[in-house]
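Only one chain comes next, encoded as C-alpha cells, the form predicted alone.
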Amino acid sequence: MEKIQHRNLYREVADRVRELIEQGVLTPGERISEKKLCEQFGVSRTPLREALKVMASEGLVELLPNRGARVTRLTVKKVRNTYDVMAALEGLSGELACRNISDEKVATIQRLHETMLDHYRKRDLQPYFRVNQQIHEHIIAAADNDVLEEMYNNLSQRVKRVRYSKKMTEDYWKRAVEDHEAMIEALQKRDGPMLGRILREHLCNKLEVASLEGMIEEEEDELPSRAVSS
C-alpha cells in the first residue's frame, strides 16, 4: 500500500482505517495494532491516535483505557437502534426531497438508478453498492437540511459495513431493487409520504437480512482480541 503524503494526516489515516474496517481486514472486536498501521501507512503514532479519536466519535472504534483501541462490535441491538434513527431520518429526507428537488436532480438520480440496475443485471456487487449509496446520498442532499444530513452521515458510518455488506441473498437483492424502483416512481411523482415510507421500510429490511446472515451478533459479551496495540 502506498505511503501517505498528505499534510492533513489524521483525516487521511482515518479514511484508510475506515476502509480496512469496511473491507473486513479489521474485524469486529479486533484490537488495532498501532505499530502495524504506522508501518503500513508510513506515519507516526500521533496522527494515527488522532484518527482513532475521530473514529471513536463516529462509533467505529472503541478506545480502551491504557490498552489502545479496538474495532467496535456490531450487535443486533446496536444496529437496530441505529437503524431506527436512520430510518426516521431517511423517511423525513424523502418527504423533504419531494418538496424541494428539481427536475434536473430527479433526472440525475434516475440515471444513477439505471446504472445501478445495469450492475444488478451483471451481478457486479461492489459497483452496485457504490451507486446504491450515491442514490441515497442524493436523496438526503435533496432534502436541503444540513442538520439532517450531518446526523445521517455520522450514523451511516457506524453501520456501513452491514448495510453495504458483501453478503447478499438473491431474494433480498431482488427486493432491494424493487424498493429502488418504487423510490424512483415516488420521487418522480413528488409523493413525499410514499417515498418516506419506502425509505423507512427499505432500511428495516436490511436489518432483517443482516441478522439472518450472521453479520451482526446477538449478545454483547466480550470477545478475545486478535491483535495487540503495541
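Start at 1 with the first residue shown and count on from there. Predicted model only: the values in this text are computed from it and were never measured.
Form predicted in complex with the DNA: not shown, discussed below.
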Of the options 189, 174, 35, 197, which one has a non-hydrogen atom that comes within 4.5 Å of the DNA in the predicted complex? 35
Listed residue that, although the DNA is not shown, lies within 4.5 Å of it in the predicted complex (heavy atoms), from 40, 46, 27, 57: 46
Within 4.5 Å, heavy atoms only, one stretch in 67-75, 96-104, 134-142, 147-155 touches the DNA in the predicted complex. Which? 67-75
Can you work out whether residue 9 and the DNA are in contact in the predicted complex, taking contact to mean some heavy atom pair no more than 4.5 Å apart? yes
Spell out, yes or no, whether the shortest heavy atom distance between residue 202 and the DNA in the predicted complex is within 4.5 Å. no
Any chance residue 180 has a heavy atom within 4.5 Å of the DNA in the predicted complex? no
Contacts with the DNA in the predicted complex, stretch 85-124 (heavy atom within 4.5 Å): none
